[in-house]
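Quick setup: one chain, the form predicted on its own, written in structure tokens, and binding and motion questions come after.
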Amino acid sequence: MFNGALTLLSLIALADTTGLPVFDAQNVCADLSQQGWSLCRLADSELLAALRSEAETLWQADILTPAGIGRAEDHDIVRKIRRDLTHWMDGSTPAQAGYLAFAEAVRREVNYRLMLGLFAFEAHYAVYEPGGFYKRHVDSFRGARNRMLSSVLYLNPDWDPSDGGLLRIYAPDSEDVIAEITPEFGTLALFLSEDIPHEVTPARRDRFSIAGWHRCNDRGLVPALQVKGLPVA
């Protein structure tokens, strides 16, 4: 179930030549340039099943660690702000390599159409156990120009909105909620890291996802976003 003014993109089946999901890049990029975020539905596939299985295995083996806030000396675990467990991807398994390859395909398409200059990608598994949440935030401080495009892939079969764990998207510089996204299996949300405030509402059951960020050196030089009136530091 998707609430709010959003575009639901139908992602077609696995590409025969690569085994990776393919997506409607034109519509995704139109959404990003016009409203700063987009929503996709990936077709069910062996890759998605493998990612869910790996995330669950890591969680059950107690390998995931509590997430924190910030980087380096600023990194701290702040349970009043977020309560999730994470494990960074390094591409060392077939499932991780497959997802990183998909992220690379996204990078190429978005760069081609919006000239964002994305050059790197990082991602981690995230598990929100019952009661887990992440209060309203943005993924990159304005002007930092590091994380440029955020993405979240959800890995939860048979998820109901009553299970909580919704991705709540706010209008920039406002308390208005413009969408609440149910973390259903195969749903992929993408949004501009500096511009889109969002939060994860408290989960009522174990919630699995992959959070990722495409990074860019200098967002201030992106004409495709400036012409739409989006704020640029």
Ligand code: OGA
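All figures in this text were calculated on a predicted structure; none of them were measured in a lab. Residue numbers run from 1 along the displayed sequence.
Heads up, the form predicted in complex with the ligand isn't pictured, but that's what we're talking about next.
Interface residue among Leu192, Cys40, Val200, Leu51 relative to the ligand in the predicted bound form, by the heavy atom within 4.5 Å criterion: Val200.
Of the listed positions (Leu118, Leu100, Leu85, Val152), a single one reaches within 4.5 angstroms of the ligand by any non-hydrogen atom in the predicted bound form, namely Val152. Of the candidate stretches 129 to 137, 88 to 96, 103 to 111, 155 to 163, only 129 to 137 contains residues with a heavy atom within 4.5 Å of the ligand in the predicted bound form. Using a 4.5 Å cutoff between non-hydrogen atoms, Val177 does not count as a contact of the ligand in the predicted bound form.
Contact check for Leu47: no non-hydrogen atom falls within 4.5 Å of the ligand in the predicted bound form. Put simply, Val22 is far from the ligand in the predicted bound form: not one heavy atom of it is within 4.5 Å. Put simply, Cys29 is far from the ligand in the predicted bound form: not one heavy atom of it is within 4.5 Å.
The partner is not shown here, but in the predicted bound form the stretch 199 to 216 reaches within 4.5 angstroms of the ligand through a heavy atom at Val200, Arg207, Ser209, Ala211, Trp213.
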